[in-house]
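Starting off, we have a lone chain in the form predicted alone, written out as structure tokens.
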């Protein structure tokens, strides 16, 4: 069987795309390994009608929505390779192989936390990366901002809106210029340039940061930097072009340099965003993919 589309990833982008393919009556296969990046998160926010929903419940409801459409199949498996030959994609998983006219990468991102002791015990509970996602829940607290890049100033401007007090930690760098330092001094915002070695607290609630000069700084929560990439092993057989930043290069439709290979959601943006943004992009990309199919079918002899 040749599917009209295979979607790799069953998160908000992938399932939104699947929903649209189902409504477009396109034979589609969703392959997901049930290992989402946001599984450490208790609640997701900012999605109209779904505010405060747990990511696991969101995925369950989304998968149930897709099940209503007979044209779409969903399987639990892991993609290990993709090849293209004679206008078709050959997708190999750990358990089987499949063929499709188009492939949508909606796998999200590979995420790695900074090398700070115990951070994994607090990440997703009292330590986050996105103030738009979790700033409201951390309101009126003393919050750390941990970031070794110039983005720390951008975050300071946002997190100040929510926090009782913010404290900046550049994690071993001196990235701030004099103008930034003067502005922070004027705002009476403390800055620590030492490396952050560890976090202390209990039951998911961080209470202090441990610095490499031996001191501890009391806090009630934190926003930290996180490393993301889309260096998925299953793309190695394809010569997919990337931007200098490592981001997958796509056109305005979400298509890569390989015709028929599309990217949506966080995989496309190379940045972890909110569920509603990924879902919206997945749905739009699916429509663009179907229009490509319809054009080909309509104009063929």
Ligand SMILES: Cc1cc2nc3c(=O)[nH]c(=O)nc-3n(C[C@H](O)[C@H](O)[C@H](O)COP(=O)(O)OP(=O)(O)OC[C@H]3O[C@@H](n4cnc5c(N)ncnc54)[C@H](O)[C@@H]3O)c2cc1C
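Everything numeric in this text was worked out from a predicted model, so none of it was measured. Numbering follows the first chain given and starts at 1.
Heads up, the form predicted in complex with the named molecule isn't pictured, but that's what we're talking about next.
Name the stretch: of 172-180, 189-197, 121-129, 96-104, exactly one has residues whose heavy atoms fall within 4.5 Å of the named molecule in the predicted bound form.
Only one stretch qualifies here: 121-129.
Heavy atom of residue 65 within 4.5 Å of the named molecule in the predicted bound form:
No, residue 65 stays farther than 4.5 Å from the named molecule in the predicted bound form.
Find out whether any non-hydrogen atom of residue 10 is located within 4.5 angstroms of the named molecule in the predicted bound form, and reply yes or no.
Within the cut-off, so yes.
Using 4.5 Å between non-hydrogen atoms, is residue 159 touching the named molecule in the predicted bound form?
Output for residue 159 is no: heavy atoms all beyond 4.5 Å of the named molecule.
Considering only heavy atoms, tell me if residue 260 and the named molecule come within 4.5 Å of each other in the predicted bound form.
Residue 260: no contact with the named molecule in the predicted bound form.
Triplet 44, 274 and 278 all within 4.5 Å of the named molecule in the predicted bound form via a heavy atom
The answer is yes; 44, 274 and 278 each reach the named molecule.
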